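Encoded as structure tokens, the following chain is the form predicted alone, with no partner shown.
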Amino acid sequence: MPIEPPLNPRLTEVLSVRAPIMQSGMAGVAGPELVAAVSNAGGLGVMAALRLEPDVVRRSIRRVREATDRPFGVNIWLHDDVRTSPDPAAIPDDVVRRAQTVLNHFRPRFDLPPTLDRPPPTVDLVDAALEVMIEEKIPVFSAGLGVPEPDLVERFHRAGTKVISMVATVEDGRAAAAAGVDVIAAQGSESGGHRSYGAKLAEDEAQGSSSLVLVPAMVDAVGGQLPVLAAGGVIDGRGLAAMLALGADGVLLGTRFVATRESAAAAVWKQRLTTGVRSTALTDGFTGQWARVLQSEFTDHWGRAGAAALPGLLQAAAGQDLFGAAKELGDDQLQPLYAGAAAGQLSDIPSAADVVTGMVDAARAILRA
């Protein structure tokens, strides 16, 4: 039987992948096992490096290399307030008090003491992780929440690394193309997880444009220069076919890969993604940055309270005791369960390889019809 040609030769040429499918580098989900499984199936697996110590990043990269000889990527945020963390002492007293008061509403559930204290400072790990990636000569660097500067892109290129920039506006797409990146991932408003902006915006601005609007606009703006991936609302082969028809060169998936056997996500997260009501909400109450998650008691209460989130990732530091206890005890109402708007279409927990091959086969059938 003859081998089918790639669905998108341009993406195959740039990233050396057989399937036009990239897995999002999600913290707590995208460990070496999932990354290798996606890459071995022909897609691009991407490891999450955010908030990891440099030696952990290095070990994880080497574990991926032990499990696959295919291209893979490593993702980290370049957000202004994450790359260099704000000083907790500079946060106004009333902002800290109001944020902690909302968290105190839930602390009794786990017998945690209430507090109005400032969170501890977070350690700046991004630049150290970037150095490790360059030293390890990873195949692909995936930049999230911030456009990489030209000097950084050039350093990766000298190491033989391709650079993908995740963006949520055409303006950022143009900036990333001008910086010399190799691929743009256009993140529509349906996407689960955090918004791909380099600085925090107001909630209405952070919503962004839908994939149906953003993707063709991004293709028109930069698609003549470099490949464009579509992110947001894509869950199966129908979505892949639709985005290819809009001019995208492939897709970036997060939610679908959370609910796979190789995903490091907790069982309660996978269960919530595949059963029952799966309404989502945009909130900054978990990390301080806007993210789409499954709606919960926490997202509802945080939204009603009207408190301002602490900057950078200090909100996550302030709620570490509460969110950590919820994760340890499997409480699905008080931990961030990131999910895209299309989560309601999920009903199973397949292998990552089955996701990749099934999507490609379904997209081929649709595009041939």
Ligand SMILES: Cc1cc2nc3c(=O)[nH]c(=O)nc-3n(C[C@H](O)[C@H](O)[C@H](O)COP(=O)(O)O)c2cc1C
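Please read these numbers as outputs of a predicted model, since none were measured by experiment. We number the residues from 1 along the sequence you see.
The same protein has a further form, the form predicted together with the ligand, not shown here; the description that follows concerns it.
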Item to complete: Heavy atoms, 4.5 Å, the ligand in the predicted complex: which of 193-201, 106-114, 153-161, 220-228 makes the cut? Say which one.
Response: 193-201
Item to complete: Answer yes if any heavy atom of Leu253 is within 4.5 Å of a heavy atom of the ligand in the predicted complex; otherwise answer no.
Response: yes
Item to complete: Give a yes or no for Gly319: in the predicted complex, does one of its heavy atoms lie within 4.5 Å of a heavy atom belonging to the ligand?
Response: no
Worksheet item: With a 4.5 Å heavy atom cut-off, would you call Phe141 a contact of the ligand in the predicted complex?
Response: no
Worksheet entry | Contact of Gly340 with the ligand in the predicted complex (heavy atom, 4.5 Å) | yes
Discussion item. Let me test this: is every residue among Leu15, Ser39 and Val183 within 4.5 Å of the ligand in the predicted complex, going by heavy atom positions?
Written reply: no
Discussion item. Looking at Gln289, Asn75, Thr280, Thr169 here, can you tell me which has any non-hydrogen atom within 4.5 angstroms of the ligand in the predicted complex?
Written reply: Asn75
Item to complete: Identify, from the list Gly208, Pro216, Gly233, Pro148, the residue with a heavy atom within 4.5 Å of the ligand in the predicted complex.
Response: Gly233
Worksheet, complete the sentence: Restricting to 4-34, the residues within 4.5 Å of the ligand in the predicted complex through any heavy atom are Ser24, Gly25, Met26, Ala27, Val29
